[in-house]
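Let's start with one chain on its own, the form predicted alone, as structure tokens.
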């Protein structure tokens, strides 16, 4: 029985299935870990040095809630050069997840509906529930493309926002320019907030990244340093969007996260000058390595970004298949954590070539040993 003090909103949260796999990995000897959604490369040396320098210079206290001026100015200049929106402001968040929390709390009232694409990042449904909103799922199977007719059909008078993620977790799918433009224009026509989670924007392999903010100046963008620079534990993100919305998010941050960690903000300034292209090129190569290794035995849609592949389980449910993989010391994530469907599973190729090779061996073996 639940403790009588626990709030009803906690019913929207379950112990993350991903976290359970992480815990399992910690208890296993020499697992083949293709489950972790974080880069396997080190934080660039210049970024590490900037963080250490800030700590030694005693820049360890609270920063302004909206972030230190030097980082905000650098981010604002980049955003302004890209979009030239007269009322687009930027501020520094305590991680990209923190930015998503602030965005939804600032925008969504109890009873409002938020459109989310299925499969979705595991946090989205829970955060919508936290606000008292209702998550309306729009199916993107089998190829993870956005059908604008489905989106329009899902809209009602209660629709407040669309939560969009490209490149996407867990599929690695990248929306086409036509999909991005169409979604941006549809949101503008219906006066619906468009929240674009762009944490994987640097990991875009086959064509240039395009944000819906390019077509809809009211788009609220959530981004950060965690994936791009391997800084997942440093909790440094940023958001940019319409000034009125950003000011409300800053107010919420003041009363929740207070600010992003100050030493990490000074490191963020250095990060923005680091060329990450060699790592991006390497992850493109790893993507192709994974696809080649799965091609004979799995139905898989070619991902255009992030560092995930989302194949269809060759037999049984995805949950059953993943349990069999774990028995073979291969850690992957069942798709039902991200979806209403239990048909696919997520592989992260943010791993060494040796680990990827071992994982592919197990996956080929499991596909060919169909029960």
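Worth saying up front: this structure is predicted, and the values here are computed from it rather than measured. Positions refer to the first chain, counted from 1.
Not on display, but discussed next: the form predicted together with a small molecule.
Scanning 204, 235, 74, 85 against the small molecule in the predicted bound form with a 4.5 Å heavy atom cut-off leaves one residue, 235.
Residue 121 is the only one of 141, 257, 121, 298 with a heavy atom lying within 4.5 Å of the small molecule in the predicted bound form. Only one segment in the set 130-138, 264-272, 172-180, 196-204 has any non-hydrogen atom within 4.5 angstroms of the small molecule in the predicted bound form, and it is 196-204. Proximity of 326, 359 and 364 to the small molecule in the predicted bound form is absent: no residue of the three has a non-hydrogen atom within 4.5 angstroms. In the predicted bound form, none of the heavy atoms of residue 230 sits within 4.5 Å of a heavy atom of the small molecule. In the predicted bound form, residue 253 stays away from the small molecule, with no heavy atom inside 4.5 Å. The small molecule in the predicted bound form comes within 4.5 Å of a heavy atom belonging to residue 100.
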